[in-house]
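The chain below stands alone and is given as structure tokens, in the form predicted on its own.
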């Protein structure tokens, strides 16, 4: 990397390029000197790299803004080009709904205004353009309120600029910025309050109490008002331009070209709740809320922060996470070196966990956050590990209220995190969960973490890791291996005939007999004598046993002898029996159960509908609240179906682009041929129509080949579109089946339906009876109970679990209804009318109905 690039990139860092100095003024002067020397012969390269740095290191934007202000004194044309390029990039971002680029471009423009590069009035015009678009969008007569997500995003972008330039705007154009703030207040008065229903981390946040929590925009507006009342003083935003103010005022302020917001999305032709909900969902997908605050630490941990400083530091952290995805070490390095004068470890941990648990999906794969947390623990060994441990304890204390999807992510993260730190954890703090009922969320959490740890290591190692709480061994998964029915050992009682069939099949496989030969053997010698049930059990169990040594062995068996299983399990009923055999064989290993079923679905031996039927079979339904085993299988099945549709959509899109290119190539080849044929050429002194025959032959060949390629691509597109249509039909059937099964099992167990039913009322059913029992106890026994409660609290947990088994089963299952609805909302909305007719009928329980609608963010006032 060129020295000037390295200097520009490392500005603001304690690095060798700046002799480990942390003085921003020295950094800017050094960088300015380096760029000034290169400007004459590398201006285009400097311009491109400078804009790239400002976009991808947004926490350094004040430094880059000041640097550009100094360059403006040297070369006004160069800086004018920066402003023009920024304007073009900003307009492209608005047109393509690139939220991150819009937000960062506006912050960059604010920094340029502070450095006298941009006229304040130009920035105000940008604000007013966005604000006008937002106001029109939420206007019920002129706009389309279902797209409020976009309007809110525009207003958030305006407000988020003010910590970086509010003081300058208030000083230079006080009337104009006041007009903008009044406009924002007017916008807030006409927009609808945004509910976090379906996206809250904790179920109790959706209890529907009298107090309405401020949404993200309302909260930010309140912080900006406090900032304005404090004279726009922000500790967390560096203002390096003040050190060069005397020089910067001599520079020419440039105008910013006009921008335009995209046209308002058209209202649906038929105004209905469903049409409104679909458009609202599309808008929220395109303009998602960037973060939601987790608020797991007591306010005392961040009480020294001003309200706006919390917002600014969150912006810094989220920007670093965004632009350093894939560069974990650099990410951790920048996160610990933010340009703020106070400590922020707790806020950093809370922000990272809020992204890891963000609903409906984290911005990046969970593994990224795992690695960042791990690197931060190593970068700040004296502070951050304790903060992370505090976050885990805080989440564990509220695990009963934590959303089911968040709970699953937390289990996966925590087990993986511990695997990177030798599985060390003070398990004795949580040993009290053994005194809780087997369905208590805290007990289930510990059980699932230990099970995942065993997957990442081995049983004896995990047993050793809990030696400070040996009683927790009860929650470890079974140590045993496969449960082969026909082994003839370990008390397996099967007839000699069945064991002989299994042995014969084993020998045939070892003898490399083909699948066809084995099918003939089964049809002639096994099936007629023993019937379907025994035949299927022996064949499946034996093949699984042959493939049990490793994942590779399993794949090999399925590839060679999948036809045998397919022949036996030709319909859905038999496929359910097949899954039951897989589950029985791997009853002591949840991971292999999930892997085997997933692979069989991949080879089309099992359908997703068969998996849904098996998951909702009575023996699995009874496990819904105490084990992740059936849910993991169901998640894999729905995910695989969704991924297939996603892949087909990508292939269709790619083919459409290829067809355009092929049509252009065929058209050009045809034009070249026609042009050649129309030319007059002299042959033996006589004029002849057409070029040289050899050249004509070549051009005809090229034209024919291009035409064939175009037709071939059209055929491929037709085939892929047919596959996609079929997959979408199958997907519709899958979700209808899934919701019908959910509705059926919940109707059997939920208390009598009532319109005002809530999750909180469900939790209190058993709790109320417990409260009565406690009141009836003698005084000394009550004191004893209080003592136990205090001990539990000292262990970091809740005193008791007052939710009954039936109620906990309902809470867990409803949680998964909401999870699937939320995660696959884009696939469910196209079928919502059918879902309303066939599942969400008057017979559906209100709590089931609410869970589905909460997951889809389909609010009651839209219905």
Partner chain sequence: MASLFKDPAKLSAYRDRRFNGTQEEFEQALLNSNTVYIGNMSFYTTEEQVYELFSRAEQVYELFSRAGEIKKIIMGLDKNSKTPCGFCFVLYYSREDAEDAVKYISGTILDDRPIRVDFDWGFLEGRQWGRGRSGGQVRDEYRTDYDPDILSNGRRGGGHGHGGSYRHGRDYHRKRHREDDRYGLEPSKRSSEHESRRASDHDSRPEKNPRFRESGDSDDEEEDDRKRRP
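Since the model is a prediction, treat every value here as computed from it, not as a measurement. Residue numbers count along the first chain shown, from 1.
Unshown form predicted in complex with its partner chain; subsequent notes refer to it.
- Using a 4.5 angstroms threshold between heavy atoms, residue 252 stays clear of its partner chain in the predicted bound form.
- Using a 4.5 Å cutoff between non-hydrogen atoms, residue 53 counts as a contact of its partner chain in the predicted bound form.
- Heavy atoms of residue 520 never reach within 4.5 Å of its partner chain in the predicted bound form, leaving it off the interface.
- Heavy atoms of residue 662 never reach within 4.5 Å of its partner chain in the predicted bound form, leaving it off the interface.
- Note on the partner interface in the predicted bound form: the residue among 145, 183, 257, 362 having a heavy atom within 4.5 angstroms of its partner chain is 362.
- For the options 78, 216, 342, 642, the one in contact with its partner chain in the predicted bound form, meaning a heavy atom within 4.5 Å, is 642.
- None of 107 to 115, 652 to 660, 413 to 421, 257 to 265 except one has non-hydrogen atoms within 4.5 angstroms of its partner chain in the predicted bound form; the exception is 413 to 421.
- Contact residues in stretch 167 to 193 (any heavy atom within 4.5 Å of its partner chain, taken in the predicted bound form) are absent; none meets the cut-off.
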